[in-house]
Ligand SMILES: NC(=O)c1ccc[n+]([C@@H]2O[C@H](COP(=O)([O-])OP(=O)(O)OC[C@H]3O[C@@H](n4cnc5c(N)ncnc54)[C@H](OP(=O)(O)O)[C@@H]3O)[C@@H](O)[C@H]2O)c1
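Form predicted alone, single chain, as structure tokens, below.
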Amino acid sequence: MRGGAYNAAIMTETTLMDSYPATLSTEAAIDAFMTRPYPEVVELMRRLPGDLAILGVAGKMGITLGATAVAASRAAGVERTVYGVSRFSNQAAYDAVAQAGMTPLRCDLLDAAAVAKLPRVPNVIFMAGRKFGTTGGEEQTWAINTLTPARVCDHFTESRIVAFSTGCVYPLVPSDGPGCSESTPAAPVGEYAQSCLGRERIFTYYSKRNGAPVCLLRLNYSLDLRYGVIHDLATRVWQGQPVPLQVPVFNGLWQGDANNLTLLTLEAAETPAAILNLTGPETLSVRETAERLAERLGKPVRFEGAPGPTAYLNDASRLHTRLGRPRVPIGRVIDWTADWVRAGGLSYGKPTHFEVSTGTF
């Protein structure tokens, strides 16, 4: 939230304040607001042919993404099955997928025979991946991030596929400069990021080979009250822990906006594979965000470390021009998150490690 970018976010919040709840005090309220579809997504679901499968649905974002697709299809008056595919290592995730209106399917996406049994739907969103635990388990990360896409592409040969990637495939850039655009050459740091570029290369290979449309989404970061960079900062402030400044800036957008923009990219899929950055328009300052959280929380804030010279920053203006900008102001997400943490709201316990710039996860 440096300079004008921060001020623009606040002005947007003031202009649109009546459109958003003052606070989100329950998980049901978070999920209901987060899965509200844009009118454009309702229209997309009205004209989109066939069913949709979300692969790797049981992660932090997948269930709300699927619920948004279900809500948009119902609002469009379209009978559509949205399949939620995962190994479902716990029953609660399976039940949550079903409760969101999806049809849950158990499948290990590394198992070619299991993937071959999945319904061949015309629309696929691929969310499977591994990040944390890479150090010491590099082979598992590479297998999940590169072999799984091959299994999927061998099966869904005629489907349009939106596949999640990460802004970590880009190089670290000066923290006071512009972010990486889609034309910035990839330069991944560390094995996690390298394997993510490998995932992209597999999808691109199959897109060319099969002639199937693909869109690669380089996301950083999706923001929920229960996890994400702002949640991590709020938790540190609330618990009296110092806020690290080694990575002094970050990008992000409300997960509800990420859900809607992801669904819109189904029509951005091309062959060979298209690439789009997915994030908010602002460069957000760790220091300024923590200070605003501290004010809202009524707590002092401590910092540690000197601000580093580089960060992962993405420029998503291409996506914003084509599909629209995120609609929930970051200032509102900050305030909601502070209220949530102060009230003892649930945390997923999955820190983003936004402060890591070595590529080691």
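Heads up: residue numbers just count along the shown sequence, starting at 1. Predicted model only: the values in this text are computed from it and were never measured.
We do not show the form predicted in complex with this ligand, though everything after this point is about it.
**Student:** Under a 4.5 angstroms heavy atom criterion, identify the one residue in T166, Q194, T283, S159 near this ligand in the model of the complex.
**Tutor:** Comparing distances to this ligand in the model of the complex, the residue within 4.5 Å is T166.
**Student:** Can you work out which of C153, V243, A212, L219 has a heavy atom no more than 4.5 Å from this ligand in the model of the complex?
**Tutor:** Contact residue from the list: L219.
**Student:** Please identify, from 201 to 209, 67 to 75, 109 to 117, 183 to 191, the stretch that has a heavy atom within 4.5 Å of this ligand in the model of the complex.
**Tutor:** Checking each option against the 4.5 Å cut-off leaves 109 to 117.
**Student:** Does this ligand come within 4.5 Å of any heavy atom of G324 in the model of the complex?
**Tutor:** Residue-level check for G324: no, no contact with this ligand.
**Student:** With the cut-off set at 4.5 Å between non-hydrogen atoms, does S89 touch this ligand in the model of the complex?
**Tutor:** Yes, S89 sits close enough to this ligand in the model of the complex that at least one of its heavy atoms falls within 4.5 Å.
**Student:** How about K60: is it within 4.5 Å of this ligand in the model of the complex, going by heavy atoms?
**Tutor:** Yes, contact at 4.5 Å.
**Student:** Can you tell me if Y227 lies within 4.5 angstroms of this ligand in the model of the complex, counting non-hydrogen atoms only?
**Tutor:** Heavy-atom contact with this ligand at 4.5 Å: present for Y227.
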